[in-house]
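As a starting point, one isolated chain is supplied in structure tokens, in the form predicted on its own.
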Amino acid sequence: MTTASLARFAAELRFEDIPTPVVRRAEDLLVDWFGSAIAGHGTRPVETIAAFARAMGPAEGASEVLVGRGTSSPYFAAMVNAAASHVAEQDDVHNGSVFHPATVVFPVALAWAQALGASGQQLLTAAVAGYEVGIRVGEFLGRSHYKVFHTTGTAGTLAAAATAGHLLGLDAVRMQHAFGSAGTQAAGLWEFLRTAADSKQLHTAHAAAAGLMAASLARDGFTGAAQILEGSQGMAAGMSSDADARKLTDGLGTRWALAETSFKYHASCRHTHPAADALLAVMQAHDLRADDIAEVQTQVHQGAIDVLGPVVDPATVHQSKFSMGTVLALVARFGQAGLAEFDAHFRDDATRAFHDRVRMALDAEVDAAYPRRWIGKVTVRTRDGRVLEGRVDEPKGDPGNTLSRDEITAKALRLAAFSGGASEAEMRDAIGALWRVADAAKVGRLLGAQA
């Protein structure tokens, strides 16, 4: 049974089983996630979820709520931190599963590690278990699933359950029950993009909290569906038309899917990044300015059309991050599409004018390569009549074009400075501790209490 095999792996994984390069990559992803979580400070959707958590949950607890400098139960801390780390659109992504692992894995790992007094090695091992499970579930559910469902909200519940279950010491049988309870709660629909709703942050908050709850219930003997993934009325049956059960255990224990995860360079939906990098390459090669460009056609995969296509006139900063035209406008005008560029310029006249000159077209080569590879291709027509082609095979942040530790640190510092969620000194102290987390006998707080 594939659900059982995946559960056994998550329960029995040990730190010594994980190759050193994978451990180092997990540390990179942890620091990158921390920056994204701090970036959620002060945003309305996150503050709304945080207010709910304060009203519902203990005023104080063993687990840190990063954006508020308070503490709560593991459940509510994970909920808030998961929402916070998915609002800036700077959290990581695994291409093949089209899944953002960090935003549902690390909030749970940190919350339970702090509550249990776990070591840094235990935190990292649980996180690796969560990544490996969540990525494989996303790959298993396939492209048809992603067309309607936000995979981070669905596969994310299983990833969170694996992470929590590992830290709670669940055996294989109870881990399988945790998966059953997590999978039956899996949710997240793309419809929110059409009206700029706040649901994306709710998806990650719910996935982290639901997975954590599922594991906690399983610890206490609560049972869940034994074949929640491949069963005749399980997730694949209800959520996919192209599910492939072989992908659940593909190379389990030898292929480390965590190491395939990409960092986000631009502060936007990952589907925009290949085209953004390809446009930048054309502009740099031909010394173009935004005003020199009459039209851009992006050659994309169907997933990009499904997710970005509904966003025709972005009304909010967050919705604009799912607009190919807006992202390319900011890249063309400023050389990057960062938080500051979105905040200040997503609806100004020059951005909107460039937005209207961008088109998406389905490309057979790009679509065939997706989701394993996210190729960027653009055709640029200049005002003086030239037609220029651009192509990027590995967008910035992909494993073959990755960020260095210095770049990850700098990114986290930028995110904190933009949100005001922590001072530079606080961030440097916390990031330093996270780079050394494997040596920590006990995971403590990352930020001090609010002054």
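Since the structure is predicted, the reported quantities are computational estimates derived from the model, not experimental observations. The first residue of the sequence shown is number 1, and the count goes up from there.
The same protein also exists as the form predicted together with a further copy of the same chain; that form is not shown, yet it is the one meant from here on.
With the partner left out here, a further copy of the same chain still marks one of 196-204, 317-325, 342-350, 288-296 in the model of the complex; by a 4.5 Å heavy atom cut-off that stretch is 196-204. Proximity of residue 401 to a further copy of the same chain in the model of the complex: non-hydrogen atoms within 4.5 Å are absent; the residue sits far from the partner.
When contacts are judged by a 4.5 Å heavy atom cut-off, residue 410 does not count as touching a further copy of the same chain in the model of the complex. Contact check for residue 171: every heavy atom lies farther than 4.5 Å from a further copy of the same chain in the model of the complex.
Put simply, residue 335 is far from a further copy of the same chain in the model of the complex: not one heavy atom of it is within 4.5 Å. A single residue from the set 217, 360, 311, 259 has any heavy atom within 4.5 angstroms of a further copy of the same chain in the model of the complex; that residue is 217. Screening 244, 356, 365, 191 for any heavy atom within 4.5 Å of a further copy of the same chain in the model of the complex leaves a single hit, 191. Taking a 4.5 Å heavy atom cutoff to a further copy of the same chain in the model of the complex, the contacting residues in 201-232 are 202, 203, 206, 212, 213, 216, 217, 220, 221, 222, 223, 224, 225, 226, 227, 228, 231, 232.
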